[in-house]
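For reference, the chain that follows is the form predicted alone, supplied as structure tokens.
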Amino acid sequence: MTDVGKSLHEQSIADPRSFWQQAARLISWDTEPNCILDESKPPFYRWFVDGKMNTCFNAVDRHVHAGRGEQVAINYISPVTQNQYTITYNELLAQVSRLAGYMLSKGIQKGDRVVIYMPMIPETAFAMLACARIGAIHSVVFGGFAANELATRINDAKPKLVLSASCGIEPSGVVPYKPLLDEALEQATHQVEHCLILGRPQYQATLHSPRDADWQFSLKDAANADCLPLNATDPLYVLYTSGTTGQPKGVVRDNGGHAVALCWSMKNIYDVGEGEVFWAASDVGWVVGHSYIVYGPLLVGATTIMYEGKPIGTPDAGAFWRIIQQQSVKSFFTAPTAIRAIKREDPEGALLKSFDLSCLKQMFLAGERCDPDTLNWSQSMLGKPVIDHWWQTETGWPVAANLMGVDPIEVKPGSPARAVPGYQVEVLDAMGEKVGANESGNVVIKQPLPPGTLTTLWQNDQRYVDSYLSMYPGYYLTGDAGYLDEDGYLYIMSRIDDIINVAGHRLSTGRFEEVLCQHSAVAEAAVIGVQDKLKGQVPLGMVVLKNGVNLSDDELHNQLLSLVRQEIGPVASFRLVSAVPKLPKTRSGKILRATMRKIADNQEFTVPATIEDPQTLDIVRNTLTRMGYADSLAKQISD
């Protein structure tokens, strides 16, 4: 039997120009590209360099021109506000072109940056598409992020305009965004010229003239704007991801390669095309929201769902299944964390079994490593293929996945299957040599990366090279460790740096330590990611206090939790912290975080030969045991 997926992958590696030239026919071009891949300035490779197109035209206008304007483009479902409505492609075009016209009236031009700090509502998609329409570069920041984190991104992107809303709404209540935005603008050294604020009835925001303007009032008389033809290599957006230094990295995505790759992935990986319903239960603040709530489904003329709610509690653990039935969802995408939360509430699947899910062909899981138990439970309950797949903010679309629209292969729990066409994934040892099948090492991707992946970091080519390309020349370093089995299936096992993955949110331990050290009582801090059955990982902190500190354990604990929540935000899930007399370090002063993680997660560990004081590991073990980690399974092994 022919292995179609393997054949496609071999074609994409042997002749990438031909492969992606054919894929480029999936989108509409103002000027079709002849130079498919420019390799003249390695390691900065560019796709479709002489092509011209517009992402917004491909996601909106072309479907209207094709006579499908009355098809539903966005289905907005908000259990937290008890609100639900649909937006057709005709309505989407009207909203987006008017917002783009307003932006032009404020002097926003091609190449200018626009920060979007909004909740999961259709206006957020309008904002992204309006930027794409006129060539402005958008940078979406997760709604509710702490003011100082927002300020950092504003300083880096230097936007002329911020688009925001008065508030977001969580199951716990209203989260006012406008005060956070005002505080961020106070902290930022870059001065933003204009803010457009969408008022929501749940919270009345204060507008500061002349900077702030009301969304509904301002757009009432705005002129419509046409799509601007853009170079395929022009930036579409900047999306910030955590850096190990605590300074976020602005991933740059271009227009042409991004549109081509997403169209290809929607059809070949997710098996979704025009008129079909696709649902990615994520948030537009993250890469999944960019790629598969907004751009991917709309580029292929599908119906996408914007869901302002949670997997449980809005109203119950049947929320996902209820919507899949009601909206006839064909392909569904969520995070393993969400499924673990549902499993905890509905372990026997009673709620799930009360819905007719015959419309659903498959469910996709990503955002963190999917443990086999979660995948097996999902598959047995749904009676459908459950597809783990792996990718990153930097790649923008899947690196390893089962090609459900082409030729599905065996699902192996624990693996996101094989590399997707366009990606040459290898596993190397510390010396840069390939390891054998089932041998662990650093997961890398041979350059050039396929279309749709990051082109650089915003205003920082050198950091792009240093972060991703310098360790193994000719390869992109994913930052993950894992192995390939004898069938070419990839297994991702852990991060090789100190980024932790909390419920799909990648957060820097260095940033946590920075915040903890802001407390006047703290002399030094170490934060590690420990395993958590629900969230995958949660941060755990240990702090060394300054001499003479007179704080009770409860006071210190509460103050540190409050500080992290204020500085990083509630997404941090930071609840575990304890004071210790001393941290384990090497003689050169490096904190032994990897060893601490192994102790916490009950894994065998070796005392490093360079440790300064071996007794500090006993301190860590005792502290972790008191906190509910490092039980008797954790043991030292000999060198």
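All of these numbers come straight from a predicted model, not from anything done at the bench. We number the residues from 1 along the sequence you see.
The same protein also has a form predicted in complex with a small molecule, omitted here; what follows describes it.
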- Query: Tell me which of 388 to 396, 549 to 557, 187 to 195, 459 to 467 has residues with heavy atoms within 4.5 angstroms of the small molecule in the model of the complex?
  - Reply: 388 to 396
- in the model of the complex, which of the listed residues (R511, K178, R369, R418) lies with a heavy atom within 4.5 Å of the small molecule? R369
- Query: Which listed residue (S218, T241, Q327, N90) meets the criterion of a heavy atom within 4.5 Å of the small molecule in the model of the complex?
  - Reply: T241
- Contact of N501 with the small molecule in the model of the complex (heavy atom, 4.5 Å): yes
- 4.5 Å heavy atom contact, D480 to the small molecule in the model of the complex: yes
- Query: Do L351 and the small molecule come within 4.5 Å of each other in the model of the complex, heavy atoms counted?
  - Reply: no
- Message: Residue-level contact is defined here as any heavy atom of the residue lying within 4.5 Å of the small molecule in the model of the complex; does M381 satisfy this criterion?
- Response: no
